[in-house]
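Just one chain is shown here, as structure tokens, and it is the form predicted on its own.
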Amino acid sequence: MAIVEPRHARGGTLVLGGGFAGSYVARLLGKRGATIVSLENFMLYTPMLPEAASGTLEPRHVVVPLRMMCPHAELLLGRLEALDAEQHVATIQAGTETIAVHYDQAVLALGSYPRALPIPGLAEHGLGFKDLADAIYLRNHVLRQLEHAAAEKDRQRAEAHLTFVFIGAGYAGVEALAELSDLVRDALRYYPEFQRPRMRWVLVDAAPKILPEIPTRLGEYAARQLAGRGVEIRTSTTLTSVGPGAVALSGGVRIATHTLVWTAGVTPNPMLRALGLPVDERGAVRVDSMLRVEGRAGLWALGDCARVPNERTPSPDPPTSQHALRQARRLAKNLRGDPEPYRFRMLGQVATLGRYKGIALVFGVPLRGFIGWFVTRTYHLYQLPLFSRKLRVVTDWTVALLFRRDIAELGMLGHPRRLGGD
């Protein structure tokens, strides 16, 4: 095993995870430096993932290279395999090499995974929507279904290809459905074959209403907007099974479809239990109000992988980018020697409902329609790091206003033909 020391010896801070929370900690530490351990060399700005899936934004523009975002940090591409909190040593698998990294302070920001339930057929036939690969694959899949439907002579089989079921009516599910339905609506002008088949979008959630995180009035507005676009909203409903050409819902409902998108929540990285850390019933690392891992000196945690108590709210923080950013700001200050408990009262909530429609709650003021959509985009643009990335996103938005949406299906990307093969 190779033994290495972080080059930034003054800080001696090891950030395990280059996602939203971890990358911002490293960025805010500035010249104190840090070593980031990440599987990718970029940070994904997850709130813009639905627009990347629909083609409104170029996928590369919703990610930020870590070396640009955190110029004073060292980047080590690899996976955490073990953690010795007493000896302050992390074991990293970097390619074919196993590396032991000594640290003074370590930050756990390992993120989360989709919360998959043991539903028959879900793992085999369901599509996730958690990272950039999921978004690109889903866009290609939806466009491929249009081609399959156009080639079908049987109306019922064509309609099965044009039926899209989303499980989970939180932010991810609602925004992804709204954006992709816009994509399909724009693409239909190029398919004169679609004279009779019916397009069908179904949104399913076990809760009694969609977007339960937001005030009732805004949630009801979002439901009306989606219903007005022909979306079937099935609340208090669960998924019971998934097959290659159909899904079954509670109540005996069966829907013929080739597309089931699973956005029903997330669960903390399962690696946390394997590390022997103190975790709650969900598997999230327990931390105190300073964001220190309970009973582990020099070890901190934040983001989706941690159960973060908030002194200004009665319950721990939810796994959202807004809270992860605020936690990162507090943790960076604590690491710099300015320790204070984490306190944050949410300033608002925002969500898009497709083209020119959105909802926002800002300082208690509810906004909806075009102004809600505009506020949502403005907020995300403000939070996106690097001026160059902001400019690329604004350019994409401007192009989308002036030109029709691209409908090229690029499923072959990342799968080159073997040299000498057919």
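These numbers come from a predicted model, not from an experiment. Throughout, we count residues from 1 along the sequence that is shown.
Although it is not shown, the form predicted together with a small molecule is what the next lines describe.
- Stretch-level contact check against the small molecule in the predicted bound form with heavy atoms at 4.5 Å: of 186 to 194, 146 to 154, 320 to 328, 284 to 292, the positive one is 320 to 328.
- Interface residue remark: G78 is counted as part of the site for the small molecule in the predicted bound form, having a heavy atom within 4.5 Å.
- Shown alone here, Q383 lies farther than 4.5 Å from the small molecule in the predicted bound form, counting heavy atoms only.
- Though the partner is left out of this view, S181 does not reach within 4.5 Å of the small molecule in the predicted bound form, counting heavy atoms only.
- Interface membership of W300, defined by any non-hydrogen atom within 4.5 Å of the small molecule in the predicted bound form, is ruled out.
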